[in-house]
Ligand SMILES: Cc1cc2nc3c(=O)[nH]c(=O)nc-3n(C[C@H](O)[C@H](O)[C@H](O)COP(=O)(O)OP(=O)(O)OC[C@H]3O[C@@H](n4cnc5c(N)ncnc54)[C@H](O)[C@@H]3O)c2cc1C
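In the block that follows, a single chain appears as structure tokens, in the form predicted on its own.
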Amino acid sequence: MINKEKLSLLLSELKSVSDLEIYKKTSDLKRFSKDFFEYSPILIDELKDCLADIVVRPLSVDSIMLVAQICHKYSTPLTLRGAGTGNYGQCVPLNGGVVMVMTGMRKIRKFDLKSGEITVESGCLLRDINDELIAHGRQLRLLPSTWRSASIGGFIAGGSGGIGSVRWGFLRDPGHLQALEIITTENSPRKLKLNANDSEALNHAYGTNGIITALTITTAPYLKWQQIVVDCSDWNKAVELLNKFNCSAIDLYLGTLLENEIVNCLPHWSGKPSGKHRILLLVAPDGVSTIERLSRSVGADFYNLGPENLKAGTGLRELSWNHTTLHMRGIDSDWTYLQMLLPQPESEMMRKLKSEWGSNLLWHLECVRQNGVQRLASLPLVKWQGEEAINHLISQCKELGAVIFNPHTITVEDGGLGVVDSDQVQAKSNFDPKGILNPGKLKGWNIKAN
């Protein structure tokens, strides 16, 4: 928290900025200082008392530049926020200060008919961007399961992949983010246009090294995805079948496998539980027959639910990725989760962990493409038994060959591959020399500062 004298001076200058909404009510400060970090009991303890001193919502690039200048002048922490759908405190202000909500920046600036690239402001909702693209015969390549409410800036800064990762990999893979417009936090803030190479350092950096105001991303041709459900009574057979789907010569947009105990807890609109493990697929129309043939060949139950209805909010994509965790926590808030890339072959690792953890660990798998190779990721549901237990499980997973993306930490590096990205740190030096942007979240900068 900042002292009263500085707060008064800060407020006085912010009030002079046009195109800027200012929120000071305690209820607003609390609302805009939180995301869905409650998925992690560890983060609840770490972040529960974090609170902004002021919340602002700019409506223009010029107002953002003035906020950046004022915060730099008073050495005030400035934390950026999109729609707040993140799960690990990406937009939580660790040191108070100003939270800047970017949802007022929602213009779709340009669509390139030739390349299919789209340039949008960072507060645009993914849902709205996708609707615009469909009108042009295109669609977003990657989406989080929160795509109806998440913003594109928040997804680029705090996300990594999701729906579409089976085909398109992850956000930091070359070819997704083509350009950024950013504002620096300096005595005289600059508006910069970064090309694809220079943009990489701000991709998945939690808004610690530049204020993203607009971005250009690639898109994919629109396909009317068909919703397919496949039920298997045997877990190993289900994993084998999922791998076959993942590596087949078909267009997939989603491939999810849920253990039967999870299926029993899904919303009523998802269909009646069969007592079996369930595969959820979004596949191109010309791939449906292949899915059916492979399913029937191993005695699995095949259900064609027809094309998606993107307006309904009750499709298979709402049962995947961290929406699975959301539904389980709605029944029992003691459920938390992990994120990992599974070793190959996958079944032996899962068998060993299941033999120890039993019903306190439920498997949830997602098809992904990692470094050009089809793989299986996992977001297992874990019954909370304390920090020591979850750390023991993480150690076990690593020993068995999994790559962990820990959702119970607050820094960019610890939630990712665990190493400091020197380009991210250098970008912070270049664009945020005082280190006021979302302080405490970039481990490499913390090390440098100390």
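The first residue of the shown sequence is 1; numbering continues from there. None of the values given here were measured: they were computed from a predicted structure.
The form predicted in complex with the ligand is left out here; the points below concern that form.
Looking at the ligand in the predicted bound form, residues Met102, Thr146 and Tyr206 each place a heavy atom within 4.5 Å of it. In the predicted bound form, at least one heavy atom of Gly84 sits within 4.5 Å of the ligand. None of the heavy atoms of Leu257 is located within 4.5 Å of the ligand in the predicted bound form.
Heavy atoms of Gly162 reach within 4.5 Å of the ligand in the predicted bound form, making it an interface residue. Within this chain, His364 is remote from the site of the ligand in the predicted bound form, having no heavy atom within 4.5 Å. Checking 370-378, 297-305, 278-286, 314-322 against the ligand in the predicted bound form, the stretch whose residues place heavy atoms within 4.5 Å of it is 314-322.
With the partner removed from view, the residue among Ile291, Leu80, Leu252, Leu241 that has a non-hydrogen atom within 4.5 Å of the ligand in the predicted bound form turns out to be Leu80.
In summary, among the residues Met340, Ile217, Ala150, Met328, the only one with a non-hydrogen atom within 4.5 Å of the ligand in the predicted bound form is Ala150. With contact defined as any non-hydrogen atom lying within 4.5 angstroms of the ligand in the predicted bound form, the contacting residues in 31-59 are Phe36, Tyr39, given in sequence order.
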